[in-house]
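This document starts with one chain, in the form predicted on its own, laid out as structure tokens.
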């Protein structure tokens, strides 16, 4: 049976999420029957945008409730599916009180529960897992040990733990577990996406994501006094969704795929935004225009919820990612970062979030 057989439904976990929403839109427009899981399917507010898209698309949307931490929670949704996209995982990088409970358990146990459901469902042929470059590297300083000074799919994050970069730790553990579990059977295969910092317009007006908060902070004066010199591998949410879509149905897709357009600093992003939005409809935005010295950030780190170890290993260190595998195997053509951030902020302005 072909992977793209539209007589078989496909499944997307974390259906109300940022990347998942764009992926579901693509699947519905391609006439698939899409089973999505959310924490509470009765909470229509979080899936209203998907219901609207489904009404205007040839595909069919079916909504199921599921909990990452509950074994058997995915069994109903996965029934009959050939391709499964596992995008559900917590993305929290600040304000974490209990990293084991808030990050590691849902990421790791959610992956185990989803793949156990795949093991129990005879129709499943492929699982596409949303991992992260966080599973590839832990700190920017590791670029000094990367092959040819560039992170690639052979690299693994071995440096993060519960005390240092716990989100990165959770992503590395979850992906490693997935590769362990796929080797224990021979019916379904695994394709992994490793996106960088995902930005770009959202399909909802939700403002509870790290991407949205970063963009809002850029425009509302939060960083007016200056930004840290921090390089991030950036990627457009629409490109990430397209990579997932292609990986789901391309027969020979395999392995890991770094999804990064280019690595830029926060200040470069701010300059891109300033060039386009310095005055929009007569309104000015307080975009940052300078960087804060690393020594000062190191000094104040403990007083602003940061660690000096993080400052030392990440600020003022340029990084690069090798995205050639995603280009050659998935045919991905990346949007420029400038297009991504400008269209993202425009969506935020249009939705009245800043």
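This is a predicted model, so every value here is computed, not measured. Numbering follows the first chain given and starts at 1.
If you look for the form predicted together with a small molecule, you will not find it shown, but the lines that follow are about it.
Asker: Among 115, 83, 88, 269, which has any heavy atom within 4.5 Å of the small molecule in the model of the complex?
Answerer: Of the candidates 115, 83, 88, 269, 88 is the one lying within 4.5 Å of the small molecule in the model of the complex.
Asker: Since exactly one of 258, 77, 215, 198 fits, which has a heavy atom within 4.5 Å of the small molecule in the model of the complex?
Answerer: By the 4.5 Å heavy-atom cutoff, the listed residue in contact is 198.
Asker: Please pick out the stretch from 219 to 227, 181 to 189, 248 to 256, 129 to 137 that is in contact with the small molecule in the model of the complex, where contact means heavy atoms within 4.5 Å.
Answerer: The contacting stretch is 129 to 137.
Asker: Considering only heavy atoms, tell me if residue 62 and the small molecule come within 4.5 Å of each other in the model of the complex.
Answerer: No, residue 62 stays farther than 4.5 Å from the small molecule in the model of the complex.
Asker: If we define contact as a non-hydrogen atom of the residue within 4.5 angstroms of the partner, is residue 106 a contact of the small molecule in the model of the complex?
Answerer: Answer yes; at least one heavy atom of residue 106 falls within 4.5 Å of the small molecule in the model of the complex.
Asker: Although the small molecule is absent from this view, report whether residue 9 comes within 4.5 Å of it in the model of the complex, heavy atoms only.
Answerer: Contact with the small molecule, no.
Asker: Against the small molecule in the model of the complex, would residue 332 count as a contact residue? Criterion: heavy atoms within 4.5 Å.
Answerer: No, residue 332 sits far enough from the small molecule in the model of the complex that none of its heavy atoms falls within 4.5 Å.
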